[in-house]
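Given next, in structure tokens, is a single chain: the form predicted on its own.
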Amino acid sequence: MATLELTDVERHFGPVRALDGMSFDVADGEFFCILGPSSSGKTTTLRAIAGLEKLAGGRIVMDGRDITDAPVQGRDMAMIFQTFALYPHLTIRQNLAYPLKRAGIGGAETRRRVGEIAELLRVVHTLDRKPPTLSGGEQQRVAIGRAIVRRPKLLLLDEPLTNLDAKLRHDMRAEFKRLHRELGTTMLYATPDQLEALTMGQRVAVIENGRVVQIDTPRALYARPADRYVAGMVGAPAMNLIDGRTRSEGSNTVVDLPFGKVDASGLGVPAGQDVVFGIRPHDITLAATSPDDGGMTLRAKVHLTEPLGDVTVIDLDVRGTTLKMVLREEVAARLKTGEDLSIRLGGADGHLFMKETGVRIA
């Protein structure tokens, strides 16, 4: 296990600043996720930690030792990529044993470790087969096994589930959590999939353009996103975001929205300020089933329904503004396209962001 600390790490490709002051720390034995869209710097961050990228600035410290300029082989870490990168001409046994052979570990110890890893990853039945004969999930397990068989202090995972189908991705998420619990290895997992990050990470760093926007637990990221970018990244379906403008109403401050107004008193936002109001689809309910909590009741028209099994996403037209709402399937099944509804936006469920900067106000 290992601790890790990145401080103001910079990596440039000509005029492109792939990493622009990347900073975060990972605790000993933590499962830490990096969440961001394509080209946000996830892979470059992992490659920098592994020593595969030459930095333009900053420091990387592992277990209190500065490894910024340390050689790759001296970092005691392993990396798993999107592609399985197994040797197709070798058996699974030989693939798992290869890192130990390179490290000069003897035959008896190699056989013991390969057997342990095969048991742990449930691939014993594949040991005498070759990678092309395995399923995608089995190949991914072998790739994991080859990375951890030499017991690295830190495991770097770069979108390892991207090439698997939905069922296998679900199964492998559970598998990674089980492995982390049983091995206790510090894991750093990069993904563009917010579901992967929120279900696996003990903490998640949301990144944009090579720098960290917010680091927190999955629950805190969902409940109190630091800005509009995080609000859009975390949660499925994404948070409804509606442009508004503050104004004075007597002694109070309110936000005018296309379909009504919300109270912004006590938030310190001056009148005449452009803002963005956010509310999650799960926090919009049918008015008939909602308590009177100081929220906003509105008339809406059902525009589209998206059944997802036990729940359905409803696209609503509210005075020309589209809002998404999530309902239980048995409730949504009674709704018809074009039907008029009375909905309620909970008074305590809204989020407010500055439009210019995106920073959270409340």
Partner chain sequence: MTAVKLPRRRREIGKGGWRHTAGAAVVALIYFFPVLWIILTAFKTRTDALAIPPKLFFSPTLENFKSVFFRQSITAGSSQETEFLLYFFNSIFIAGTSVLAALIVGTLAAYAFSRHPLKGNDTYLFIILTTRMMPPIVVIIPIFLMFRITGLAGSYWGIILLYTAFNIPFSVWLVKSFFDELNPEIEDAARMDGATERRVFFGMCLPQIYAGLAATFVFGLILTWNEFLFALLLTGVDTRTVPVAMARTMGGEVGVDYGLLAAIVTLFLIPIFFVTFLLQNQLLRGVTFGTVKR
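Heads up, when I say rigid core I mean the largest set of C-alphas that superpose within 1.5 Å between the two forms. Numbering follows the first chain given and starts at 1. All of these numbers come straight from a predicted model, not from anything done at the bench.
What comes next is about the form predicted in complex with its partner chain, which is not displayed.
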ask   = Where, among 172-180, 256-264, 270-278, 89-97, do residues come within 4.5 Å of its partner chain in the predicted bound form by heavy atom distance?
value = 89-97
inquiry  = Which residue, 123, 79, 168, 213, is the contact with its partner chain in the predicted bound form, using a 4.5 Å heavy atom cutoff?
reply    = 79
ask   = 184, 136, 237, 115: which sits within 4.5 Å of its partner chain in the predicted bound form by any heavy atom?
value = 136
inquiry  = With a cut-off of 4.5 Å between heavy atoms, is residue 141 one of the residues that contacts its partner chain in the predicted bound form?
reply    = no
ask   = Applying a 4.5 Å heavy atom distance criterion, does residue 52 contact its partner chain in the predicted bound form?
value = yes
ask   = Does the 4.5 Å heavy atom contact test between residue 47 and its partner chain in the predicted bound form come out positive?
value = yes
query = Going by a heavy atom distance of 4.5 Å, is residue 85 a contact of its partner chain in the predicted bound form?
reply = yes
inquiry  = residue 132: after superposing the rigid core, is there a C-alpha shift of 2 Å or more between this form and the one not shown?
reply    = yes
